[in-house]
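This document starts with one chain, in the form predicted on its own, laid out as structure tokens.
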């Protein structure tokens, strides 16, 4: 098929991309502009359920952006609903892009714009490496955190690209068809720079602590790339711990970061970041990630992976079912107290952060 863009031919060869037209939509600024022009500019109540949001706004083949940071304020419950609804052939993108790998075995994600996958202290997602080797997912581009973030930032600013030194010291350029190396036109001497194009995902869920019914959203803690993603993405769904009156956002403006005109839908979704961390609300479920990264996502045996996701995703209808499996109200209370203590709101003397580490049986042999 024909393409409207010029790509890095070395990267196309290295990634074995025979039809580069699959890359076009991510950098198609004109179609993104048209999508943005159609957004509602009036004060309209945009509240819908999570099921309705996924049904309406996530289409098979979409470029699906991961927001938050791995397990910090990440809309994991929205992702689980995407998996439950059987969406297919999505392209996963995000900096990091930790969570899209969960849907690869089920055909939810067939393509990857690859960044870091893992849960930091728990380790990397080795099942993703296995899926790549077995050709269950196709890598369309390789990125560093910083370079992908610059692509979202370019889209936010309305710039076609950003010139940066990022990536010049690595081989990532050889595996990224989007970026180009040129000489800095302002320098007489040789001075290579990397051109990073504006990136426009199709859809992003952004979990926040507070939003109003129109889509104005407030984030407490690190915003990561979410402010840029709210502008860059063609479809933006806010999931929020609390829906607050517009007057509350007007009276407390210092953490209001996403204005309503970019938002297509608002979902009231308390505990929407579980089993991750939502700053100021609840601590992350370390035991879940221990089992997930060290056993289910170890790449050792698909039966462990399948039983894990059956239990935590497909056998749950919503976040409340999920919390019951974590330990219910007792688990929630403990992790709310921990989070408030770590934020300096509650007394931290006597807070117990210990937990039972998971040792896979193959590591004991």
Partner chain sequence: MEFMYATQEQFDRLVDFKGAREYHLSKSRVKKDKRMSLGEAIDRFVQDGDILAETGFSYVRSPIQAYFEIIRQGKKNMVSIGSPMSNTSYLMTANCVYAIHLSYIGVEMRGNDKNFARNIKTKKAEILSIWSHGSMALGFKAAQLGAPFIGSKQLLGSDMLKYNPYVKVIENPVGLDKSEPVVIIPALFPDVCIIHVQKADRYGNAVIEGPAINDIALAAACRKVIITAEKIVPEMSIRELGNACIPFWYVDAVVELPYGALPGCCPGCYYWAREWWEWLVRIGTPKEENVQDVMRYWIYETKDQFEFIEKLGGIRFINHATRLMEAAQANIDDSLVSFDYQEVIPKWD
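What you see is a predicted model; the values in this text were computed from it and never measured. Residue numbers count along the first chain shown, from 1.
As for the form predicted in complex with the partner chain, it is not shown, yet the points below apply to it.
With the partner omitted here, the stretch from 82 to 90, 268 to 276, 101 to 109, 159 to 167 that lies within 4.5 Å of the partner chain by heavy atoms in the predicted bound form is 159 to 167. Residue-level contacts in the predicted bound form: of 78, 237, 208, 150, one residue has a heavy atom within 4.5 Å of the partner chain, and it is 150. Taking 50, 58, 323, 27 one by one, only a single residue has any non-hydrogen atom within 4.5 Å of the partner chain in the predicted bound form, and it is 27.
Contact annotation: residue 2 falls outside 4.5 Å of the partner chain in the predicted bound form, judged by heavy atom distances.
In the predicted bound form, the partner chain sits within 4.5 Å of a heavy atom of residue 180. In the predicted bound form, no heavy atom of residue 203 sits within 4.5 Å of the partner chain.
Although the partner is absent here, residue 245 lies well away from the partner chain in the predicted bound form, with no heavy atom inside 4.5 Å. Taking the partner chain as positioned in the predicted bound form, none of the residues of 86 to 110 brings a heavy atom within 4.5 Å of it.
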